[in-house]
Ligand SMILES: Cc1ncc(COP(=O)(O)O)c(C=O)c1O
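Take a look at this one chain, the form predicted on its own, written out in structure tokens.
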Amino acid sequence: MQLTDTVSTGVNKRSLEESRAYLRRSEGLIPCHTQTLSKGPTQFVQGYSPIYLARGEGSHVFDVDGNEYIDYPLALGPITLGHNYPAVTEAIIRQVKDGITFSLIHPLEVELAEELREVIPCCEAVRYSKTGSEVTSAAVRIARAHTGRNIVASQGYHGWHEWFATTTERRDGIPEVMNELIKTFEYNDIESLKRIFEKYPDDVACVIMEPVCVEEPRGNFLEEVREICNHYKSVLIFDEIVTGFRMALGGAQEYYGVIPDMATFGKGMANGMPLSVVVGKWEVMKAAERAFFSTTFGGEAVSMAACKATIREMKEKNVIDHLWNVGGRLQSEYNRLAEKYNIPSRCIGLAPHTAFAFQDDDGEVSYPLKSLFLRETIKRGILFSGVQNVSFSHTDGDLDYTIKAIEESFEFISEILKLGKLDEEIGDKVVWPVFRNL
């Protein structure tokens, strides 16, 4: 592995000229320079981080200048097995030769639905789409059609469509009236959910939530949410776009044993191919027969072939255990080193999908400290974004190298903090979140 010399011999100096050239070409052509805000140049330390990636192999990616990095964002989570994973690539090629999308229904739509029914606890019925935003929006619409109600109780992140985006800072272009139908509650705060139902006892169509993100449920939080939905006859929707096919094959509902009425999956289910699903109990999902949810590419066959291959690999090779083991080692070593070098940071969350939390002296999020860490690790060939994943292709060698790079970075950062020169060191190269919820 050509990266292995970097840590032992000093920080590599990489050319980023091609990345910068592409960025210049995108000026005035692509708003925000990107299709996915979390992948854009504002989310990485400019001058050190690549801006454009050209290819991936296993757990590594290569930028347009030919530089190599160990990849932990993994395209924000879709890569569960690894880039260019042979079994999935072969399935894709076979299906491409037969065709991509057709004028009538393809048999894969039935075959994959049957497999999903086997592995996802709440799944009795399936509808396909392409993105997480689409299926969470479809789930809300189906729930409203099923209940005849309007209010949505929402917790967590659910995509860019109006019904959710109205709850964020990025509200431009959304009619204010949309906000009247969305009521937010806090994770692990059951009283905040109860208050919504007390105010709108007969008009809450659904509760849509991330069953877990970086904070685990405390006590019987998920069970209590389930009970409230049962009591008020509202639909419980788990947004498992992130957790599905990562923390367990059947997602957080399998892991925690709390079964929702509906759930949405995407990201890692097809190892990078664009596929998402809304699944659920037939009693609720049959409302999709009258609610309008139809898309040309929902039945696209290549992504479904990739998903079938991904599920088969996950079943046969115990992929989930590998994600827990590798992610657990990364998390424990990060926290050990942060303590060793007195860095005010922790790696939080469940091992297959974790986040780096950085704090300032007041206990608030320190974006300058996060930025300095991202700068120092990318200099050493590690692509982090603050929220990271692991794949089946991450090896012990990858982890050895990564841990050494983290230690070198912490050693440098520790000296900067002792000198009180954090702001001076990072300057204006600070990364900020895409948005904050209101």
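Each residue number is its position in the shown sequence, starting from 1. These numbers come from a predicted model, not from an experiment.
Omitted from view is the form predicted in complex with the named molecule, to which the following refers.
* Contact stretch among 322-330, 237-245, 121-129, 301-309 - heavy atom within 4.5 Å of the named molecule in the model of the complex -> Contact-bearing stretch, as computed: 237-245.
Position in contact with the named molecule when the complex is considered in the model of the complex, options Phe358, Tyr255, Phe293, Tyr157, heavy atoms within 4.5 Å
Filtering the options by heavy-atom distance leaves Tyr157.
So which of Glu210, Glu115, Glu109, Asp203 gets a non-hydrogen atom within 4.5 Å of the named molecule in the model of the complex? It is Glu210.
Is Ser133 close to the named molecule in the model of the complex, meaning a heavy atom pair under 4.5 Å apart or at it? Answer yes; at least one heavy atom of Ser133 falls within 4.5 Å of the named molecule in the model of the complex.
*Which residues within 257-283 place at least one heavy atom within 4.5 Å of the named molecule in the model of the complex?*
Just Lys267.
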